[in-house]
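Shown next as C-alpha cells: one chain only, the form predicted alone.
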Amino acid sequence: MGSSTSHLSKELLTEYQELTFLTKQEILLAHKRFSDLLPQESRNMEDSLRVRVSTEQILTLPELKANPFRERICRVFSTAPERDSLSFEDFLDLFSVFSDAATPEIKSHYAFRIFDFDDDGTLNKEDLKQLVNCLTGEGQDTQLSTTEMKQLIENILEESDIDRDGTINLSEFQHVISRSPDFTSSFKIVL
C-alpha cells in the first residue's frame, strides 16, 4: 500500500474519535482493515471514505467469520438502501458499538436490533426462535426439539415480557440485560 495518501487527516481522526467510542489508534487500525478490503485502485484516502464494501467482503474478516449473528450485524450497521454493504463510517460504528468503551445502553440497544430479525421493533416468538438457533446452531445434533424450543421461548417470555403482550420490547430487553453482568464484556469484537 504505501504512501501517506492512505492516512486519515488529524481533523477527521479527531472528529471520528469524538463520534465513536474508539481511540485514534483503533480508528486508524479500522481504516487500514477497511481499506484492505477495497480493490487496489480504491485504496486511496478519498475513495476509502466514499466507497462501500459488500457484506460478503466484510464477513471475511476473522472478527466476524465465527460470529453466529454476522449477517444481522452487517445488516443493522449498514446505511445502504439494500443493507448489503458498509461504508467506512458504518464500519467504524460497528466496531465502536462492539468496543469495550461503548456504554451498556448502546450495546443493549444494538443487541436488541440485531436480535430483532424481522425489524419490527419487538422480539417475538419467531425472533426468539431464530436467536436460539443462531446460538445453538441449526445442525441435527445441536438443534432443539420443537417441544424444547417452545418451552425455552415460554421461559424467556415469562422472565422478560413485563407487560405480558407476548413480545419483548427494547425497555424490557434492556431491563433483562441490566441484570446480566457478563453482557457488556461478552458483547464485543476486538479489532
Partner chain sequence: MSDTSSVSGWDSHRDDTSDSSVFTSMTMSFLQELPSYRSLIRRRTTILGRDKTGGTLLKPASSENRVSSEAGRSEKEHLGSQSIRKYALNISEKRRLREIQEAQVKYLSEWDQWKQYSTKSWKRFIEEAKELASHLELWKNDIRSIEGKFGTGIQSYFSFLRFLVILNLVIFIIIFLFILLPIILTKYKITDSTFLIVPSNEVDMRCKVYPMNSTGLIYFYTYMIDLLSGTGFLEWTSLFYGHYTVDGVKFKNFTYDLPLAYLLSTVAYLALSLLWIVKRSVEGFKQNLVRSEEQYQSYCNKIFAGWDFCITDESTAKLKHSSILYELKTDLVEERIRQKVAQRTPEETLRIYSLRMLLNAIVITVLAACFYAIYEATIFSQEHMKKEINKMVFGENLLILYLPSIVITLANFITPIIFSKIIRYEDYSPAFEIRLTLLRCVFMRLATICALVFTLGSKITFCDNEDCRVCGYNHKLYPCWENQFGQEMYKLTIFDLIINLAVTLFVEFPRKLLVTHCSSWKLIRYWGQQEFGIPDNVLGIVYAQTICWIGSFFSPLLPAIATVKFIIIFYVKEISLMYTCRPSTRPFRASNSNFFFLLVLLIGLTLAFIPLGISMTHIPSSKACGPFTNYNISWDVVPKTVSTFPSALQTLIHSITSEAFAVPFFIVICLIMFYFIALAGAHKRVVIQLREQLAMESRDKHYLIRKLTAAQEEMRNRPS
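Numbering follows the first chain given and starts at 1. Quick caveat: nothing in here was measured; it's all calculated off a predicted structure.
The form predicted together with its partner chain is left out here; the points below concern that form.
- When contacts are judged by a 4.5 Å heavy atom cut-off, Q40 does not count as touching its partner chain in the predicted bound form.
- In the predicted bound form, at least one heavy atom of K188 sits within 4.5 Å of a heavy atom of its partner chain.
- Residue contact with its partner chain in the predicted bound form: E46 places no heavy atom within 4.5 Å of it.
- Its partner chain in the predicted bound form is not approached by T55, whose heavy atoms all lie more than 4.5 angstroms from it.
- Along 61-98, these residues reach a heavy atom to within 4.5 Å of its partner chain in the predicted bound form: P62, E63, K65, A66, N67, P68, F69, R72, I73, R75, T79, R83, E89, L92, D93, F98.
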